[in-house]
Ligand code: C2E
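The data below hold one chain only, encoded as structure tokens and taken in the form predicted alone.
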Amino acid sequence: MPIALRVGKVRLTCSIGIAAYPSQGSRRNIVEKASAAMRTVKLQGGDGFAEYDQQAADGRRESARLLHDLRCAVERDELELFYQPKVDAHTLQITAVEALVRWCHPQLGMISPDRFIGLAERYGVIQSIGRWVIEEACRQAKTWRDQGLRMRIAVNISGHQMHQDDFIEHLEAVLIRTQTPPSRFTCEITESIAMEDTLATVQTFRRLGMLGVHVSIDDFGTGHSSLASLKRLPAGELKIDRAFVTDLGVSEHAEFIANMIVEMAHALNLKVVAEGVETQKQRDMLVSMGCDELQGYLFAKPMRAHDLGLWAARDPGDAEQLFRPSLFSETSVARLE
């Protein structure tokens, strides 16, 4: 029941944490564990109850330790980029690579982004990680250009980076410093972020278009994009969400969606990349749909920069055989309608 006061009505709620003695703790720490359960209720919106969960508590402690180490990972040079090739759907020659960050933890070993990117975004560490990824990817691109490998390089951009005031300035400064042509640099932005109708997002897309970098709409097919929205963005490609690629040959719905994305993209003069290609059947179906580039374990797993370079160093003619210019034309400065 609401409580009537002079200033109005006030509704009180109660958050309760439960811990059982002695099965869930000693007399010394049982109240602490009940308090931890109560905080769980509050994080979920309050006005309820929860019993202490040892497994959840262990997960929170592990996350806290990871977060502490993650804050220092860039300074300690513990991050590393792996690169997964994209190939021409018809010739299977490498046309581009996507930079994927890994964390070489001194005690836990190699940690995939699935375990730490969420933490980084939740607690504001993604800004420093994102800046490092752009700088390292461009540095490596310059090294490859010096070796004669002129591939397009793609970097995933988070929503937090899109909203940073100095994101474009930093990107432009790195491109200039590493002599990376903007037209050979791809910003991969998820469909959900790209479709945000916020002033910050719209302005960032406008400035990306003016800078002349290549823009890719990632994980396409899971959001609510409209033709009008896509036409306004300075995008050059769509990446079909891997969920639809995985289900090709199994689900008619996935095949219908993938084919529709390809047809719609081509109608808008956009290229189409399919990620997560793992079987020959998937590849054949995507090629028959008219997909332009493919990416996945069928062709290559993410690898270190050195290993990718070795592909072209095995024989003087390998670079010409394995690598080819990107399917995408040189990106011109785009204007939003």
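The first residue of the shown sequence is 1; numbering continues from there. Predicted model only: the values in this text are computed from it and were never measured.
Keep in mind the form predicted together with the named molecule is missing from the figure; the text below concerns it.
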Answer for residue 181 alone: is it within 4.5 Å of the named molecule in the predicted complex, judged on heavy atom distances? no
Residue 69, heavy atom within 4.5 angstroms of the named molecule in the predicted complex: no
Answer with yes or no whether residue 297 is in contact with the named molecule in the predicted complex, where contact means some heavy atom within 4.5 Å. yes
Considering only heavy atoms, tell me if residue 302 and the named molecule come within 4.5 Å of each other in the predicted complex. yes
Residue (of 272, 286, 308, 277) lying close to the named molecule in the predicted complex, criterion heavy atoms within 4.5 Å: 277
Go through 145, 163, 242, 207 and name the one with a heavy atom inside 4.5 Å of the named molecule in the predicted complex. 242
Report the stretch among 110-118, 261-269, 208-216, 228-236 that approaches the named molecule in the predicted complex to within 4.5 Å, counting heavy atoms only. 110-118
Those residues of 121-136 which, in the predicted complex, come within 4.5 Å of the named molecule by heavy atom: 126, 133
